[in-house]
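First, one chain by itself in structure tokens, the form predicted on its own.
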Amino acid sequence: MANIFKKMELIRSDICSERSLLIQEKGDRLLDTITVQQAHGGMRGVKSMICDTSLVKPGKGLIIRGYPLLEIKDLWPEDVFILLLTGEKPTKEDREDLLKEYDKRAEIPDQIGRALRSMSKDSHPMTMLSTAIMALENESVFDEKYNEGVPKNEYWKYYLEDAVNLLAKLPGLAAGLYRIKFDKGDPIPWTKGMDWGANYANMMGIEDEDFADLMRLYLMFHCDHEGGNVSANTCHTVGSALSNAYYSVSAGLNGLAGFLHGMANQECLRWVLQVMDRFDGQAPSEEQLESFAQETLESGQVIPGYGHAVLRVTDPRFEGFIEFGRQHLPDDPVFQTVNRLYKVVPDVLKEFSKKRVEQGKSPIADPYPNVDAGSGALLYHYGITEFEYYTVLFGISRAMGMLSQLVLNRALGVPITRPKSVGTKYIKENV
């Protein structure tokens, strides 16, 4: 990993200097204000964190290190991890260097497989993944070096070692638990010389080059989404206490397992299949879907996969998945339904929003599809019909963002997270 270490050393010095100067010159400037509504509303939109790996702009979507997502969608996951860490697109040598590290570090200890097999058959796949990561915690290089007394300005190096060790093993852990949980056969070992996404596909037991392409795209698209989402924020907070990468990522994945975060994609696909069931399992026409969407809204229900906390345009990740579907599975009825919904639902939501305003209610802020509206249909096409596993796929990808932020935070000496909390009585008396 010599190239990554060298680049990290350079950016660490530059960013530390830049941040010190910012604090010195503008440390007393007001960054944001907070309302009582925001304090009670999950801190939505409050500017209170620093995250340099990615940014989500309401009118543009995900931007990774200055690059709009769809401009770099051909990068492989190992490329985007290096980009997240260093802020630079990797060279071919950089990618090969990282893949060689994965080859050396990918082997899963035998006791992990035994632990997964010993778990209850009704254990959720995310529980299995989190448990497997925690079972690797004793391998932390950072913990070993911390106990030896290494200086603070070198912590990041050992967080990076832990990050690469964990990333090398994550596809094997995730694919292994898939095969164990769903009786697909024995786990398949890592293949040296094969890339991260293709290895994941192969270890799941799906030998299809198109599916390997989907895994590269899927793992790249879900890699990062600013620092304030539940998984990234949780990982950041746990890591700020100098908990190692295994503790921190496991905690972040536990947040990802929530129905309002990483489990949303499976709920979207379940709804699409329910729509198709109403039409005898066929892909409904655009006219039928328009009528069904109107009925759904008028009955007080929501249309899963539409709307986003930050975005006010179609999620570029959704656009990328739709493009992949049109190229590789245009005749798949589930994909056709998702594609047709995309053509009719935004306009239905806009009209419904107008009616809400006329009734004195708040408008629909974002009528466009988010990433969850399309990703499940692609996975379903390639035979991954176990909905509860979808969040694991999301989590393996998001680990890259969590780990890159974790390494950078240690490189920059970011302090422990400790916001001030106040009670309802304080607000009543002081606001």
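Treat the numbers as computed from the prediction; the structure is a model and nothing was measured. Just so we're on the same page, rigid core means the largest C-alpha set that superposes within 1.5 Å between forms. In case it trips you up, residue 1 is the first one in the sequence shown, and so on.
There is another form of the same protein, the form predicted in complex with ligand CMX; it is not shown, and what comes next is about it.
*Asks:* How about G239 - does it come within 4.5 Å of ligand CMX in the model of the complex, if we only consider non-hydrogen atoms?
*Replies:* Heavy-atom contact with ligand CMX at 4.5 Å: absent for G239.
*Asks:* Is R105 near ligand CMX? Define near as a heavy atom within 4.5 Å, in the model of the complex.
*Replies:* Because no heavy atom of R105 falls inside 4.5 Å of ligand CMX in the model of the complex, the answer is no.
*Asks:* Although ligand CMX is absent from this view, report whether S362 comes within 4.5 Å of it in the model of the complex, heavy atoms only.
*Replies:* Yes, contact at 4.5 Å.
*Asks:* Is N370 one of the residues lying within 4.5 Å of ligand CMX in the model of the complex, judged by heavy atom distances?
*Replies:* So N370 counts as contacting ligand CMX.
*Asks:* Check each of I322, L329, I180, A309 and return the one that places a heavy atom within 4.5 angstroms of ligand CMX in the model of the complex.
*Replies:* Result of the distance check: A309.
*Asks:* If you check T191, Q111, S285, Q301 against ligand CMX in the model of the complex, which one has a heavy atom within 4.5 Å?
*Replies:* The residue in contact is Q301.
*Asks:* Of these, 53-61, 370-378, 400-408, 27-35, which stretch puts a heavy atom within 4.5 angstroms of ligand CMX in the model of the complex?
*Replies:* Comparing against ligand CMX in the model of the complex, the contact stretch is 370-378.
*Asks:* Just to make sure I understand: among 21-49, which residues lie within 4.5 Å of ligand CMX in the model of the complex, judging by heavy atoms?
*Replies:* Going through 21-49 in order - heavy atoms within 4.5 Å of ligand CMX in the model of the complex - there is one hit, R44.
*Asks:* Aligning on the rigid core, do we see the C-alpha of N147 shift 2 angstroms or more between this form and the one not shown?
*Replies:* Result for N147: no, shift under 2 Å.
*Asks:* Quick check on G66: with the core superposed, does its CA move 2 angstroms or more between this form and the one not shown?
*Replies:* No, the C-alpha position differs by under 2 Å between this form and the one not shown.
*Asks:* When you overlay the rigid core, is the Cα of A365 off by 2 Å or more between this form and the one not shown?
*Replies:* It does shift by 2 Å or more.
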